[in-house]
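Below, in C-alpha cells: the form predicted alone, a single chain.
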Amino acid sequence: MVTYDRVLREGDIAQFDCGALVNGLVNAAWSRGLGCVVNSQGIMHSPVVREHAGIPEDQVIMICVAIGYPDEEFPANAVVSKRRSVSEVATFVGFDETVS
C-alpha cells in the first residue's frame, strides 16, 4: 500500500509523488522478473486494509500495488488488449522524425 500523511490531503504534490514512487516501484519490479498490478482495491476496502496492515488513520491510502511472480499458465494472463497505435492517439510537436 502506498500512503501519504493526511495533512497533505488538500494539496496535489503528495498524489503526484505517490504516482512517481509507484512508477519507479513497478519498473524496478518488472526489471527483476516480478509482475505488478496497480489497483484501487485497497482504497475501496480501506477499513479492512487498515486493520490488517496496521495503517493508522492519519495516513491516506493512495493506491495498492500487488507484486509477485506471474503465473504464465493462468488463463487471464493470456489476455492481450487491443490498443490503437501511438500515432493514432498522440501528436509529437517539435521532434525530428528521423531521430533513432
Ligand SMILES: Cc1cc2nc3c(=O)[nH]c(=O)nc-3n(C[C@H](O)[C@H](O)[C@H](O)COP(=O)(O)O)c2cc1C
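Note that the structure is predicted; figures quoted are calculated from it, not measured. For the two forms, the rigid core is made up of the largest set of C-alpha atoms that agree within 1.5 Å on superposition. Residue positions are given as counts along the sequence shown, with the first one as 1.
This protein has a second form, the form predicted in complex with the ligand, left out of what is shown; the following refers to that one.
Shown alone here, Arg83 lies within 4.5 Å of the ligand in the predicted bound form, counting heavy atoms only.
In the predicted bound form, Val38 approaches the ligand with a heavy atom inside 4.5 Å. Using a 4.5 angstroms threshold between heavy atoms, Ile63 counts as touching the ligand in the predicted bound form. The candidate stretches are 67-75, 53-61, 40-48, 27-35, and the one lying within 4.5 Å of the ligand in the predicted bound form by heavy atoms is 40-48. Along 1-33, not one residue places a heavy atom within 4.5 Å of the ligand in the predicted bound form.
In a rigid-core overlay of the protein, Arg83 has its C-alpha displaced by at least 2 Å between this form and the one not shown.
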